[in-house]
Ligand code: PA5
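Only one chain is given next, in structure tokens, and it is the form predicted on its own.
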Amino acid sequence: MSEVTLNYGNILRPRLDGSEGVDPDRLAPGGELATRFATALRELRQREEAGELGFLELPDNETLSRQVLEVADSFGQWFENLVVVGIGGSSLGGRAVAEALLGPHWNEDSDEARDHFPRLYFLENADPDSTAALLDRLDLRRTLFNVVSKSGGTAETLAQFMVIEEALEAELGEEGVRGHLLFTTDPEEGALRALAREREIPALPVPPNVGGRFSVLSPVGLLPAAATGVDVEALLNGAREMRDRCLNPDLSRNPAGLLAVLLHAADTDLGRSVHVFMPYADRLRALALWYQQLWGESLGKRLPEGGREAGVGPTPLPALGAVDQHSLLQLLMEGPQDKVVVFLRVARRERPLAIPRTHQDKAALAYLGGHTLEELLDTELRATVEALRLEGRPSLTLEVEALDAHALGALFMLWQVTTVLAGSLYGVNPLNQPGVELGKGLTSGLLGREGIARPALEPDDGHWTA
């Protein structure tokens, strides 16, 4: 089991240049940030008691996890391919699990290398090129489509479902379609649940008090994980242990509390409103995208009593080390003083991959020999952290001992609790997304949905054509 630690010295004033950074006295008992945290934790507990934070309960919901495992076992022996059809919170978490724990070439591995678990695809955007290309290459007779929408009414997902349904019917006949569909949706409401009842399509429930972007540890993320052999129990155990740590009223022992108050202070007190999340592992690229939705959609809100100008919230920026040292680091080092970076380090890799001692006559190559790629990547991370510190640029570093299911579950829970605490600090509801609804309504109206007036779009008079 891999531990998760948080190193935050490089966001504190003594480690920077004495003027930048957070005064550590503010974190001490009775300090300003400790007081803010106590209020935020109290509000979190009130939300929990009101039944609003269903994601906190998921690690203990044995009935739900058992149901997921039973469905995965029953379908796994029949299908060569599993396609998750969903967008945003209905896909990002599951994809983050798959990329982190299955590795980059899962679908290209042989049946034996995959232990005969199915290949796994994520059909997210309603892009006709991507959708058609995937349907053309799959053997539909050996493919299960897991259609995921918490509300059951996501336009992009329902449209893709209709395209898939038609393709299945053309290949298998009307009677054969049902056996190739699995829905993950609200237990009672929505179009997918109604279809599941009408057509007797198997459907997994997403608890009503679990929002889409907080649903990775529900059947939304657990089904694709279980179907491909991921250790679901370890994933949930890691989340459970982290949850308990993140409910500790002692700020110095609460990683979510520290993350929340320090990142909030970086934004509101230090003017660092761009929050970069930068894992140093290719397998964690999708985790950074999952963080982007969680942080941005939860915290970017208009204050309840304010007008259009009363918007708050940091701007999340996903990055990947060391790749983005060659694209973003110059900006992070010498650009506007509006950024704080959260690095994610994997301390130990399964295959460090030794660099051979060759080309000893060439100085540019010789010094690399005898090290490992693991050591090189880790050294680049440490060098980047130090370079930022020397420039007075704040950062924090999360560290996992190894990239396994236990650590990943802990990271998911850590960021989810951090987000709810940060919502309290910003004075917004981190569980809703009112700003998204206008665009959805306009889309439905333009496409002619019954009961929704077609909007008259203002013409864009400024244009240029080559």
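We number the residues from 1 along the sequence you see. It should be emphasised that the depicted structure is a prediction, and the values quoted were computed from it without experimental measurement.
We do not show the form predicted together with this ligand, though everything after this point is about it.
The contact with this ligand in the predicted complex, taken as any heavy atom within 4.5 Å, belongs to 87 out of 82, 87, 181, 346. A heavy atom within 4.5 Å of this ligand in the predicted complex is found for one listed residue only; from 372, 151, 315, 268, this is 151. Figure note: of the listed segments 232-240, 169-177, 210-218, 105-113, the one touching this ligand in the predicted complex, with heavy atoms no more than 4.5 Å away, is 210-218. Contact check for residue 297: a non-hydrogen atom falls within 4.5 Å of this ligand in the predicted complex. None of the heavy atoms of residue 419 is located within 4.5 Å of this ligand in the predicted complex. Contact annotation for residue 293: at least one heavy atom lies within 4.5 Å of this ligand in the predicted complex. When this ligand is considered in the predicted complex, residue 397 lies well away from it, no heavy atom lying within 4.5 Å.
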